[in-house]
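You are given C-alpha cells for the same protein chain in two forms, set apart as structure 1 and structure 2.
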Structure 1
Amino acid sequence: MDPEQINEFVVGYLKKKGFSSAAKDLEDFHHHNNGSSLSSIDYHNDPELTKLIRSFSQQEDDPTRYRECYSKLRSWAYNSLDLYKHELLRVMYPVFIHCYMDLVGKGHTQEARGFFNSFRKDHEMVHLRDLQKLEGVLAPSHLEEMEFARSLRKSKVNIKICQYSYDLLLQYLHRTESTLMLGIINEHINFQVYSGQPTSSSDDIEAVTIVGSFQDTANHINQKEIQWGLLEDSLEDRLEKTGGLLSDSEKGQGESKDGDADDSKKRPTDIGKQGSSIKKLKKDKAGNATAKVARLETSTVPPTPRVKPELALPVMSTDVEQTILEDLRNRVQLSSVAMPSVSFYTFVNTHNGLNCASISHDGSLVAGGFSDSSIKVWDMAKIGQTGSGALQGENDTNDPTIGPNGRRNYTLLLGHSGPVYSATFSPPGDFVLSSSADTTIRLWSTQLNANLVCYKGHNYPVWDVQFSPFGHYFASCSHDRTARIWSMDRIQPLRIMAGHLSDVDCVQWHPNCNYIATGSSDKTVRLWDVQTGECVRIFIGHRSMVLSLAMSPDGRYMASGDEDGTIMMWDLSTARCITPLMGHNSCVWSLAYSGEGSLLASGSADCTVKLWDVTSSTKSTKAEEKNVNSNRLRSLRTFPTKSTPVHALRFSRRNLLFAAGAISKPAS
C-alpha cells in the first residue's frame, strides 16, 4: 500500500467527518513534503490496519452501502448449500426490514424506497401483509407512530439455526468485513443455536412470523395448564350414560377410546380430584341435577376428562333439556363415509348490504345483520308452512316489502346506528345479540321482537359477539383490541381481555365455558381464561388476519380460518398447529365442527363449502402413518354454490349442516 493512497483515505475520512479545513491543511502539507514519510507507525506492513482504514474511509452512512451489503449477503445466502440454505434465507427477512427501517430512520427516503422495491419480491410470498404495512413508512416519524414498526425496532427476532449454519454466517460476515450487516444482525436477531442437522424447511411456521417481543412470553404463557375437558354433568355426558341403556353405546365407547388414548399424564390426577369434588358440587348445584350426580357417582370414570364450570351456569328448563336430549339421541353419525346433508339459505336482494348471517341451533331461525343498521330475522319454519305459493304471491304485489297479509315475512329489528357486524342466537333461540359499528351490543327478544338491553363498553366498532354454549354469558371483541365477557343481566362487562396487538376480529367459546378464544389482525389466536381473564395460550402461525374460529365438541381442538383461505387446526393443550388446511383461495368466513367432532365444515368467500376429515389428521399426528396421502387433514368434499359466498355455517344438534350466504352477481 503506497502512502499516497493512505493520504487519500485520510483526506476522505476527514472530509466526510466535516473536518474540511483539517483535510485541506493535510493536503497542503503533503504538497510541501512530497513523498516523505509521515508517521512512524509501520502501517505499510499491517494489513489489518489498512483494512480498517479502508472501511473507515468509505462513507459510513452512505445509503447505497445498505443495498450493496444486502445484495451481497443475499446472493451468498442463495448460493449456499441446499441443506443450510433455508435457514440462512430465514435470516434475510429481518435483515431486509431492518435495513429498510434504518434507511428510513436516517431520512434516506428515496433510497429506502428503491431498496424496498428491489428486494420485496423475495419476501412477498410469506410476508406480504407485513410488507404492505411497512411500505407506507416513509419518514422517521412514521417509525415512531406505527406500532408494528415500533415493536419490530424494539424487539429481537428469534431464529432457530443449527450450529453449522450459524458458523457459516458468521464466517461470511467476518470475511467480507460487512460490519453493517453484522451490526443489524447483532442488534435485531437472537439466534438460538442448536447442534445437529438443520430442520426441514416445512415445519418452521413459527420462524416465518415475526411477532415482536412476545415470542418469549408466548412460550411462557403456553406452559400454563388448561383443562380442556368437557363439563361434568353436561347433556352429552348424561346422554352417554342413558345412551348405554338405549343401545346407542358405540358412540360413547368410540369417544372414550379416543379420549383415553391421548390423555396426558396429569389427567388421571385431575379426574381423581374431580371425583372428590363431586360431593361439594352436589351442594353447589343442588337444584340442578341431584339425580344425575348420583348416577355419576355410581358410574365408572368418565371417558373424556370432565371439569367443573368456573361460572355459575344458568339452569336449563326441563322442556329445553328434553328436546336437546331427544336431538342428541337422534343425531346422525357422521364420518368420512357418512356425509351430512347441507341446507343452504340464500339471501337474495341484499343489495350488497348483508354483513353477517347467523343461524339458530336448530336451524329454524336465520338472522341477517345489514350495513343499514337493521337486523332481519326469518323464521324458516313459518316460511316452510306457507309454502312457495305465498312467496310467489308476495312477489307479484306492488309493494314487495309487505306481503299479502300486510306484513313482511321477516322480523325487522331496528336500533343500531351503524352497520351490524355480528349477530348470534342464544342456544334455545329466544334471544338475539347483535354488535355494531356504533360500539354497542344489543340484546333482542325473538318472542317480543323488541330490543331489551343495550350494552355499552367498547370504544370502537364491535366486530363479533358470541353467546356462550349455555346462554346467559356472552363474549364480544372489538377494534379497541379487547375482548370482553358480559352477562345478560349486567350492562357492564364482567371481564376485559387485553393483550392483542391489533383488532380482535372474532371470538369463540370453549365448549366448557371456561375459556374463550379470540382471533386477531395481529395474526395470532389467543385463548383466555374466563374466570381470571388471563391469556393462557397464544397460537402463532397464521399469515394474515384471523377471521373465524371453531372449537371441537370434545374441547380438545380448535380450528381457525384466515384471510388467505388457510385453516389451521390447533391442539389446545400443546398450542401446536396440527396441520394447516389449504384449499380455499379466499377468506374463510365461517367454520363449524359436526356434533361428534369428526368433520369440520368451512365456508369461504370463494363460494364453496368444504368438508374436512378431522379424525384422520389427529390420528396421523399421533402415530405417524405410513400412508402419505392421508397424513394431512383431508378435504372430503367441496360443494360449490352458485356465486354465493358462504357467510355462516351451523351444524344442528342432529348433524344437519346449515349454511347461509348472500348471492352476489357475478362480476360482469
Structure 2
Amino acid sequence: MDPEQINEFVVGYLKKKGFSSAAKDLEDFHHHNNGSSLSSIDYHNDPELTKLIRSFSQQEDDPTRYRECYSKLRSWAYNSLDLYKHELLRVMYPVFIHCYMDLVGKGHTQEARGFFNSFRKDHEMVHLRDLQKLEGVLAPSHLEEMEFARSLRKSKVNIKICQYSYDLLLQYLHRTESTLMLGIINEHINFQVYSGQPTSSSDDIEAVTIVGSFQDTANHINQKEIQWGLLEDSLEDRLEKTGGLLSDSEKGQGESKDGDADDSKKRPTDIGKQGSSIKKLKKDKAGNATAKVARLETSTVPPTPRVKPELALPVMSTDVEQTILEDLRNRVQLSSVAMPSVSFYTFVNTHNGLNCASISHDGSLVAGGFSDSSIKVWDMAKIGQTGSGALQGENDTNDPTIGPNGRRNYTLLLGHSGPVYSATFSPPGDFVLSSSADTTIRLWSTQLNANLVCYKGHNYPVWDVQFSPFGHYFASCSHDRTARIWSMDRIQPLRIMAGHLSDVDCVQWHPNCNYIATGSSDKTVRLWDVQTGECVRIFIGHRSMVLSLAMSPDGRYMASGDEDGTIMMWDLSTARCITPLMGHNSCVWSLAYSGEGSLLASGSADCTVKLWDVTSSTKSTKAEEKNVNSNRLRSLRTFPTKSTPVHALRFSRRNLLFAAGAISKPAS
C-alpha cells in the first residue's frame, strides 16, 4: 500500500466516521505541503501503523466485529464500580441500536438479528416499545422508509455524565483500540460532562435526551409566542370582582351539598343538626390554617393574564351560570394542610370489559365504556335511592342494580360497532361523547338517552375524546397519528392537527380554549393552536408513551403521565420540565388539578390515587438549578385501593375528588 493510497484511505475513513473537521484539516495539510512531509514517513517500515491501517481495511465490513466490540464494552460497563456504573450504562442503549442499524444498513440481516436477540433483554425494561419498532427493520430500505428509524439515524443523544465517568470511558476505548465503538459514540452521542461526583439518582429524567434535527425543530417551534392566560370576563373574574368568594368557615353547609346531599335527606333531623354542627366546628378549625397557607401562596404568585377567545364560544344559560357560580362560592380551598375528600366509584363484575370511565363535573353521573361496544351511564341519585352503591358491568337477569320496578339503574347506550375507548361529559352534564375502535365519535343525550350524531373523519381507532371547558367544541385523537377539533353542529372536523410520529393517545383542552395538548406514543407532548392548527410547543422528556394530560386552572402549567408511571410538570411558556413526579410503578391513566391549582391528583394502574403538592414543586425550581441533588417532588398522600386500577379522576367545582375504576378480582 503506497503513501497516497494510505492518505486517501485515512481521509475517507475519517469522513465516514464523522470526523469531518479532521478529514478537512488532513486534506488541507496534503494540499499545502504537496505530500512532501508525509512522504518522508516510512509507512512500510512502521509495523504498528501498517498493522493498524490494514486492520481497518480488512475489518471494515466484518459483521462479527459489532458483536465482539459491543460485548466487550458491555462487560466492562457492567463490571465497573457501582458509583459510576449507572452513568456508563446510559451509553449502552444508543450504541446497541446503532450497531444493529449499521448491520442492517450494510446488508448483514442474519448477523443483525442475532445481535439484536442476544442483547435486547438488557434494554427491554425501559425501551420495550422502541425495540418492538426496531424489530421490524430488516432491510436497508427500511432505514429510510420507517420514520422512527430515520429519525434515530439523523438525531444524536445527549447524555449527562460526570468527568470521571467520561475519562474512564475514553481510557477504555483508547486502551482496547475499540475504533468501531468510538466511531459510533462520536457520531451519535453528545456528552454533557459536569464536574464532581455522579448524581445519586440513576433515573434522572434529564440524563438522556434526544437532540439533532428533531430537537432543532422543537427548539424553533418552542420560540413561538403563546397566550396561556385565562379568558376575559370569566365567571371566576366576576366572582372575584363582586367579592362572592366565601371563607372555609362559611362553607360547611354548602360543601355538604356536593358530597352528602342524598345521605343528609335520609337522616333524622336531630342527627342532621348534630352532624352539621360538628362539621362546622371542624371547618372553623381547619379554615384558619388553610386560609394562612392560601394567603402565603397567593401573595407570591403574580396575577394570571387575561386573553381573548379565538373560538366563538357558546352562550351559557342563566341556570347553568348560576349553578356554577354557586359551586365556586362554596369551593373548599385545598392545600398541603387541607386535603380533599375522595369519593371512589367501583365497577364490579366487568370481567375486564371496562375500557374507560368518566365522571360528570358535579359527580352525579358516571359513564363506562366497554369492550362489547356498549356505554352505560349511572345516575348516582337513583343508586342512592335503591341503596346499592356498586356499578355493575354485566347485563344478567340477577343484576342487583335492577330496581323494584324491574328497570335497571343505569342507562344502556348502544350504537358503536367496536370497543369504546373514551367517554366524556359536557360541562353541564346533558351530553356524553364516546369514541371507539370503529373509527367514529358519537354524541349522546343524557336527557333523551339516545344517540344524536355520529362523527366520522378518523381512519383508525379513536383513542380519546374531550369536551372543551365551555362545551360545544370537542377534540379527538387517533391511531392515525392526528388530533381533530370538532363542533357539535358539524359532522366534519374544523381542524386537523398532524405532526406526531406515532399514535396520539390522549388529548386535553387548555382552560382558555385557544389551545389543545396531545400526548403520543412517540413519547412527546404537543400544544396546538386551535385557530391556525399549528403546533406551538413540543415537550420532550418522557421515556415511554404518554397516556394522560391535565392543565392547571390558571393555564400556566401542564402535567403529563406516561406508561412507566412518571408524571412530568411543564411550563407552557418555556416548554421546560419543571419537575418530574415519581412514585407510581405502573401506567398513569388519569390526572386532575384541584380547583385552585394547588394540588394534583394522579390515578394509576398500580391501584393507587396520589396527591401531589404542586405549589412547592413549582416554587423550588430556582433552588434546584443550583442544587442538582435536591428533592424535586412532594407526594402529600397516597390512597390505595384493594385491587382497583384507577381509570378516571375528577375534581368537582367545589373541590371534592371523584375517582372511578373496575375491581380486577372478586371482592372477598
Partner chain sequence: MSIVPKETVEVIAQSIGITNLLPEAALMLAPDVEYRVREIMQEAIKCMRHSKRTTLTASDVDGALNLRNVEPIYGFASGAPFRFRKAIGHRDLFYTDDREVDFKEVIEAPLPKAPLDTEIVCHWLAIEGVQPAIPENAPLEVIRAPAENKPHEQKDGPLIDIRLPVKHVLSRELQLYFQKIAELAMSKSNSALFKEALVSLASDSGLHPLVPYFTNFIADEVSRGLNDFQLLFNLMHTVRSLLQNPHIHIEPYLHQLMPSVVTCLVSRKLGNRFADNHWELRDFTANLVAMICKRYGTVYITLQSRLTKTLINALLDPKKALTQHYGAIQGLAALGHNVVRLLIVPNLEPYLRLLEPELDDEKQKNQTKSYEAWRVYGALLRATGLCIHDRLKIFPPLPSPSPSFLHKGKGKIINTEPQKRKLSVDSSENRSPQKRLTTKDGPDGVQSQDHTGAALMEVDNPVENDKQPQNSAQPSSSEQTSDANESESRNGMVKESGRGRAITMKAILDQIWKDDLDSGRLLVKLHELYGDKILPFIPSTEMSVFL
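Only the largest set of C-alpha atoms that superpose within 1.5 Å between the two forms is called the rigid core. Keep in mind that this is a model prediction, so the values were computed, not measured. Numbering for residues begins at 1 and runs along the sequence of structure 1.
**OP:** Pick out the form predicted on its own: structure 1 or structure 2.
**Re:** It is structure 2; that copy is the form predicted on its own.
Subject >> Shift of Arg576 between structures 1 and 2 at or above 2 Å (CA, core fit) >> reply: False for Arg576: its C-alpha shift is below 2 Å.
Subject >> Large Cα shift (2 Å or above) at Cys69 between structures 1 and 2, core-fitted >> reply: The answer is yes; the displacement is at least 2 Å.
Original post:
Any chance the CA of Tyr78 moves 2 angstroms or more between structures 1 and 2, core superposed?
Top reply: Passes the 2 Å threshold, so yes.
Subject >> Core-referenced Cα shift (Å), Asn190, between structures 1 and 2 >> reply: Residue shift at the C-alpha: 7.4 Å.
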